[in-house]
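Shown below, as structure tokens, is a lone chain in the form predicted on its own; questions about how it binds or moves come after it.
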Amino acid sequence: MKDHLDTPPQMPLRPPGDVMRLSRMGSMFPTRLSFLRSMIWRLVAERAVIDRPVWEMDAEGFGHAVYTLALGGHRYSLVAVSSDLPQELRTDRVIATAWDSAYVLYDGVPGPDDITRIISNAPLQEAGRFCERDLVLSRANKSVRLFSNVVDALRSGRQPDARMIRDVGYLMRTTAVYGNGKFGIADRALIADRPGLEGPFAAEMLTVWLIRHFTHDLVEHVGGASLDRALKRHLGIGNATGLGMAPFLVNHPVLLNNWMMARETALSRVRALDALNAAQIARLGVLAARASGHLTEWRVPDADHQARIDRLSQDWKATQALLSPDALSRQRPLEAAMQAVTACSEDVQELMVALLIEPFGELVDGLSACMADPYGPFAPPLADTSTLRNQIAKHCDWALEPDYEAHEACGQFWYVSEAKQEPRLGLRFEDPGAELESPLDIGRRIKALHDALPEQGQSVSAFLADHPEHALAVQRVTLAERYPYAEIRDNLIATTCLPIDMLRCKLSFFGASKFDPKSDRWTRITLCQGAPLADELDAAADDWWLPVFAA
């Protein structure tokens, strides 16, 4: 961080006790600090050019392709493999063993032997063999209805159904984008210091954007004609994400803190603006209207979630008056807008947060450099158990509230499936396996630590020598003061815990929109919708927050 004399004025940050609740985390929207936006900035800054040295596709679009680009002084390549997938094997579930397409982001430009190896192994995914030159492994399935519609239209000499493109929004959806050593690919440490890939999930976001580019090329190849540019721009890349993503936020407390801290600091800076100029006022009005249009286009099959979207859409229309030219011409107008929505739903509040941050890149974009965790957790050790008790009272009182012995407060347990090595959530009093529970019950562990502390103070090391089972809880309490947004301040084993809230929080930092929950444990989303195409990486490429369809 810069010296405090160079830091823009800011209002007090919203308290972690308000921000770090599941219901609010499950109401978050993407912001300009999202990792996908940061990647696009970098590509624009470097005037990246995408080359396609290999295109070996048959008439039906089965074969392989290679895309290359330079970023931060290194070259990277996406190797894409398109397969003929029988309908009976088509599923987005983790039990799948075959997919329409598979991908590897390769470190460098692959030679013929590398391409042959990847073509053989990428479609196998976890059953394949990979090496340290393979940075990201992914797979995707077609939106069969839309892909076929676009192909049929192009083959008949016309553009596809614009309404279907608006409603679906992608030609393919990924069902996994693996990084950081998964299944033998490169560990994150090998690329963490490289310019352009130093940010969180940067390699994965680059992969997703290149996959989107491949899906456009593929459908035009099979259709034998070019898509209208506006239609193409609205075709993002879908994603189907389940429980596997949720524990990450618990297992990486410093990263979670840094993401949230950056977002909350950005909000506090724009809230502190004393006055806005005419251009800023006009921009906020445009974005408010765009958000309304985006909500109108956000349609999902689930009736309950659609009702929630409809309520938000209606509430947002009423809220837009807070962003009228008259309201925004007053003193501290953005602070007034945030204060006014505190009486509204968390959905409205978090939409307002994302919108208010959007026009003020010069104030907030530098915060994206603070969202990684290059050094790991650090906090001075606590002197004794009396200090430990005080820290719990000061920072972890939320963990002491539940009665974890009550069935509803401990009715679920997290574990890792033996078959797929993926996180799962079981019912403690119905399902077997609770003895293999993963340590995501941070609140319960902190309360157990609190109850075990001696009346008379002793050194923390002596306490842990007698009670090693409390080591994780001691670590989390020790981190709490330095990293105030590190903990989800809810009971993650309660029957009321909805993992979908954790998924939405993390996915919003990726840049996801149009959440389409299929249950409280997995969702579909859209990435890159409205994002610049490969030949549009210029200074005007950054205006695609919550895009609205325009054919």
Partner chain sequence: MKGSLNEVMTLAAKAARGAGAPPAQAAQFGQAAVQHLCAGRSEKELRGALEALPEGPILSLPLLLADADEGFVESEGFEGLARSYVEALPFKASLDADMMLRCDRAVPARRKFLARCRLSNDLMELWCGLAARLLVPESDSSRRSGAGAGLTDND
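Numbering follows the first chain given and starts at 1. Quick caveat, the model's predicted, so the values are computed rather than measured.
The same protein also has a form predicted together with its partner chain, omitted here; what follows describes it.
Visitor: Only one of Leu231, Val348, Ala186, Val222 comes within 4.5 Å of its partner chain in the predicted complex by heavy atoms, so just point that one out.
Guide: The option sitting close enough to the partner is Ala186.
Visitor: Pro359, Pro253, Pro402, Gly242: which sits within 4.5 Å of its partner chain in the predicted complex by any heavy atom?
Guide: Flagged contact: Gly242.
Visitor: If contact means a heavy atom within 4.5 Å, which one of 104-112, 336-344, 127-135, 350-358 is the stretch that engages its partner chain in the predicted complex?
Guide: Of the stretches listed, the one contacting the partner is 127-135.
Visitor: Is Gln475 close to its partner chain in the predicted complex, meaning a heavy atom pair under 4.5 Å apart or at it?
Guide: Contact check for Gln475: yes, within 4.5 Å of its partner chain in the predicted complex.
Visitor: Give a yes/no on whether Glu469 approaches its partner chain to within 4.5 Å in the predicted complex, heavy atoms considered.
Guide: Residue-level check for Glu469: yes, a contact with its partner chain.
Visitor: Answer for Ala419 alone: is it within 4.5 Å of its partner chain in the predicted complex, judged on heavy atom distances?
Guide: Judged by the heavy-atom cut-off of 4.5 Å, Ala419 is in contact with its partner chain in the predicted complex.
Visitor: Though only this chain appears here, would His64 touch its partner chain in the predicted complex if you measure heavy atom gaps against 4.5 Å?
Guide: No, His64 stays farther than 4.5 Å from its partner chain in the predicted complex.
Visitor: Would you confirm whether the three residues Val144, Leu425 and Lys518 all fall within 4.5 Å of its partner chain in the predicted complex, going by non-hydrogen atoms?
Guide: Yes, the whole candidate spot contacts its partner chain.
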